[in-house]
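Only one chain is included here, represented as structure tokens and corresponding to the form predicted on its own.
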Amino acid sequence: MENVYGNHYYRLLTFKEELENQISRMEQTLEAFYDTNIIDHVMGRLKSDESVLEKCSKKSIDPTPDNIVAAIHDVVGIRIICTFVDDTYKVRDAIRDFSGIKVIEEKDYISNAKPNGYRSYHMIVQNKEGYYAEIQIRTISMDTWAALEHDIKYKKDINVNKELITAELKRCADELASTDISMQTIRNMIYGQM
């Protein structure tokens, strides 16, 4: 059975791999420049057929391969997990200088968290072939929170009070954000950046 990407599939995989390679080189450069590793880990993926078809349905997009790669900007997804909040912005700045891609859109959910507490820095980038990728940059605590929120959001058979869970998640998001700031402050004190 053919996937939803048709003849775009291998070019999308190549784009993902090229981004991952540029991020790996960027990580080495940043580590040498700052004398510390600011990226904890990187994950990349192509959106699953099921997820793409669901998104097409929500957006009323005819799910042909050409329509999908033109209209769904997070078919290729890269998540960069940093140790500290300031590191997310260093990574963002470095990505802006990547060769062969242009930044189409940026959303700073770190400085401007979503109402539910979600925090991350999102960038939509496009390569010369016209393929899009979404790059999410966040701290370890932001990533942990987002993983739990995702599990709860898409788990269909939760038998507890969803309002209570939503309120608890928001409280946890705020506490984690406060902890991220405290950890950043301690690191700045250690390295004399205060």
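Since this is a predicted model, take the numbers as computed values, not measurements. Residue indices: 1-based, along the sequence shown.
Just so you know, the form predicted together with a small molecule exists too; it's not on screen, but the next bit is about it.
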Going by heavy atoms within 4.5 Å, which of 55-63, 34-42, 125-133, 164-172 lines up against the small molecule in the model of the complex? 55-63
With the distance limit set at 4.5 angstroms and only heavy atoms considered, check whether 47, 107 and 150 all reach the small molecule in the model of the complex. yes
Answer with one of 146, 140, 26, 70: the residue that has a non-hydrogen atom within 4.5 Å of the small molecule in the model of the complex. 146
I'd like to know if residue 118 sits close to the small molecule in the model of the complex, meaning any non-hydrogen atom pair within 4.5 angstroms. yes
Classify residue 102 as contacting or not contacting the small molecule in the model of the complex by the rule of any non-hydrogen atom within 4.5 angstroms, answering yes or no. no
Taking the small molecule as it sits in the model of the complex, is residue 90 in contact with it (heavy atom to heavy atom, 4.5 Å or less)? no
Whether residue 114 contacts the small molecule in the model of the complex should be assessed with a 4.5 Å heavy atom distance threshold; does it? yes
